[in-house]
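Given next, in structure tokens, is a single chain: the form predicted on its own.
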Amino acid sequence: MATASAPKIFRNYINGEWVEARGGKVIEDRNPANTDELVGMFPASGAEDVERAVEAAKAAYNKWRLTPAPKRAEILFHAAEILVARKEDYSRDMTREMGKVLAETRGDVQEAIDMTYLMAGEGRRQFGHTTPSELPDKFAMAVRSPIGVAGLITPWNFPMAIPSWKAMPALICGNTVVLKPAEDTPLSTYNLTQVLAEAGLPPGVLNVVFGYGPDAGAPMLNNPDVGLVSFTGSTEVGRIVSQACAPTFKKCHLEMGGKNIIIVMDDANLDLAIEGAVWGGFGTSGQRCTAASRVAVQKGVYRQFVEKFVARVKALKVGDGLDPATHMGPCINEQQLQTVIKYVDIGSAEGAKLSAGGHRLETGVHARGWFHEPTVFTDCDPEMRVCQEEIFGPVVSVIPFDSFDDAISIANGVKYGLSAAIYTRNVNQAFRAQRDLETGIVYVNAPTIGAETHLPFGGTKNTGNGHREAGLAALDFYSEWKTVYVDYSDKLQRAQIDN
């Protein structure tokens, strides 16, 4: 079904059917670049709807877990093929509801394609391991087992990529799913759900409940039939999720905030570093957990970097993401825009030099959207709030430093630990950086964004709780190890005692 003909009024997806929410309330999905445009009306679901979805997932679990993994994989492979055919339509839908430029939404859909193909391949590669037993005539092995109902809570900034990062490994491991997408970007999750349904996913295996976090997300955390929870969002909400999961020992994965840094050494390819800082800082309007919101520059090239960087940022065109001339789209909503405005005031009050931007855009083509200028603070102290706290908007703070050791200290001097980058031609510094940076991801001569689906994704400190998304690491979260011993000696053998 082409997206142009998708209905304006949408429903939850429970047990293979599109159904109304019990409460009858709705959420308006509006274009952040033009709030006059109503993208669609989605259910504002509540606890009853979540319970109904969990019941459907629980009922479908036994049959799905017993479906051979290669057969589960065939459905995912088919879904990936459908996504390829509809990539452009779904990308345009995403730009309309989320705001980022079309090139980026194409990348978002491509991530979903990549993850779906990757996990389809894992249908034949969920390797366990065998090992010699310490006793004769005894076989020992470990195999992966599914966990049950997976509760997935996803954010608005990657509204198809992140649901696929969670749902595809959950499904290929044999779990059933209840997914609660962000209320700001429900259409992209609808499109992904439609694809999986058309690909042949059985009823109840994937269930989608639209709504606000406290109403539709929280009930998932407290439901005893939900065996695991995966959440991507702010550190503050992640702490609430962790506390809610703890009493019933739910397996819990948290992917939270970041305050990522690009380090630019004196010997760096300066023009390349500037391009990386522009892309890392202002891609997705800075609304990425991996955004490069800090740039630390060695003093030997600091003034040269600042001059060129500020000029590049001032040249960025802000507007509707569907316009090919646009470099940066809007903030997702008024609340996020106000957060950006607040931090610009904080940075100015702290004494940071406002070298570019700093203002809301609200006239002409920007009059009906949530736009903010790409903003650069220079001559920043690393302890300033704009250098310590996640802003999640188009604001970059530039910090001068003396030595390599100073740069590492600045980089690690925040409560987050997701992504970091260093630009240098010195191989020794590159290897020292990847060793000493306290982050889950390190880039050399590339910005802090650009994760690939076949490698682990996640961070340290207040960014996460030790689990990883993507790659084989995802299988470790969405499955459990089961150790199996087969004794064919036809006699009692007592490990350790008889050895």
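Fair warning: this is a prediction, and the values are worked out from it, not measured in the lab. So that there is no doubt, residue numbering starts at 1 and follows the sequence shown.
In what follows, reference is made to the form predicted together with a small molecule, a form of this protein that is not presented.
Note that among 156 to 164, 79 to 87, 173 to 181, 306 to 314, the stretch whose heavy atoms approach the small molecule to within 4.5 Å in the predicted complex is 156 to 164. With a 4.5 Å cutoff on heavy atoms, M168 does not count as touching the small molecule in the predicted complex; it lies far away. Contact annotation for Y61: none of its heavy atoms lies within 4.5 Å of the small molecule in the predicted complex.
In the predicted complex, the small molecule sits within 4.5 Å of a heavy atom of F457. Remark: C289 counts among the residues lining the small molecule in the predicted complex, judged by a heavy atom distance of 4.5 Å or less.
Screening A433, A470, A33, I449 for any heavy atom within 4.5 Å of the small molecule in the predicted complex leaves a single hit, I449. Of the listed positions (E111, E275, D225, D406), a single one reaches within 4.5 angstroms of the small molecule by any non-hydrogen atom in the predicted complex, namely E111.
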